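Below you'll find only one chain, the form predicted on its own, shown as structure tokens.
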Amino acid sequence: MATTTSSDHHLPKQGWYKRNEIAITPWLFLIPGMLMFAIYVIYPIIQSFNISLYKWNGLGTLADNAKYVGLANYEKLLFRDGKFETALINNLKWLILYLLAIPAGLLIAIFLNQTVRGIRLYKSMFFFPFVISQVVVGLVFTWFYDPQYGLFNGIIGIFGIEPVNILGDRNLATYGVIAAGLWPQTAYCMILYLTGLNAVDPEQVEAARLDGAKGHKMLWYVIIPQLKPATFIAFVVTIIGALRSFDLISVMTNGGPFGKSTLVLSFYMYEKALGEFGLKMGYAAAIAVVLFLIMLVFIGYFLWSMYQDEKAAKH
């Protein structure tokens, strides 16, 4: 039988919060952020799904001034809209080519992760594209591609190549805009990898050197596995950036040339909702839902892959 000392009777009785402090305190920090996320992210997503089921011009309330059409917006979008097909293909081009920012950012980060003279200046130069706005990037590259006075045609003219009107060519315009987008995106990936390289375990690197690993083997088998968290964030941010590309399209081509050559889903959504012949909120919401589902597939895949890797590492 347990015995109690006289001092036990004088201990203050702990309240419910004090007994559960360790379990409750993290939730007190998380709840405000979760509420904001629910109000400003989850609720608008649900609202977009709802609006996409109506034919609505955005004026008045949905209940009073909208006509319920069910999945008619999606049917038209997926099977009878040539512009949507063009926008989807262009988004796939963005997605594939934008991923080049990840290895480019890694290589630049490895180059900058050295202690040599003048490295801070190099870091500043590579960091610069990240801190300027997409609108400025678009204007800079519009001047760069200018067929008469642009630096691009001046450079290729040195090699005897005729001037090229990149933004005026329906076959080249999309690639020209993607190249402009890769400039700041590569800088962002570089920053992520520079942060990740600071966390690389030097003991593992030293052990690998003693085993004779160097060059690409050191990079592939020792450095890159330790950069998985940075790589995951780089993939997610790059995919989202590729799929929501809007600013550069608006500044550099406005969806053209020839009306739709550089059209992407986010810009097409804007055209349908707020463009000159827009005010089709239900149809624009359907485009937004399709774009969201595409993002969800890619991000869900990477989350699942990362979860599986962590699960395998524990076992």
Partner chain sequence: MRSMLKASVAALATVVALTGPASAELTGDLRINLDTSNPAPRATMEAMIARFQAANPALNITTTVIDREAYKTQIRNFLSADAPDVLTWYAANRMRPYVEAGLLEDVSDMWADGTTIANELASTKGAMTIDGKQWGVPYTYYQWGIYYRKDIYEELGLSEPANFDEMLSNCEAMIASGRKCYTIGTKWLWTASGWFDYLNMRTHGFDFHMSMARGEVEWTDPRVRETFENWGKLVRMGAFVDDHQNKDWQQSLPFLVNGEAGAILKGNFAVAPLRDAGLTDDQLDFHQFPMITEGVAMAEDAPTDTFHIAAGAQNKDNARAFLAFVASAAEQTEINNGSNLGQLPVNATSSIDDDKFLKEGFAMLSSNSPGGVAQFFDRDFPAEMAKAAMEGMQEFMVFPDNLDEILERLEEVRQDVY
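Residue numbers count along the first chain shown, from 1. The shown structure was predicted, so the numbers you read here are calculated from the model rather than taken from an experiment. Rigid core here is just the name for the largest C-alpha set that superposes within 1.5 Å across the two forms.
The next section is about a form of this same protein that is not shown, the form predicted together with the partner chain.
The closest heavy atom approach of residue 242 to the partner chain in the predicted complex falls outside 4.5 Å. Proximity of residue 143 to the partner chain in the predicted complex falls within the 4.5 Å heavy atom cutoff. Taking non-hydrogen atoms only, residue 251 approaches the partner chain to within 4.5 angstroms in the predicted complex. In the predicted complex, no heavy atom of residue 54 sits within 4.5 Å of the partner chain.
Scanning 225, 157, 168, 103 against the partner chain in the predicted complex with a 4.5 Å heavy atom cut-off leaves one residue, 168.
Taking the partner chain as it sits in the predicted complex, the stretch 66-85 comes within 4.5 angstroms of it through a non-hydrogen atom at 76, 80, 83. Put the two forms on the same core and the Cα of residue 274 is off by 2 Å or more between this form and the one not shown.
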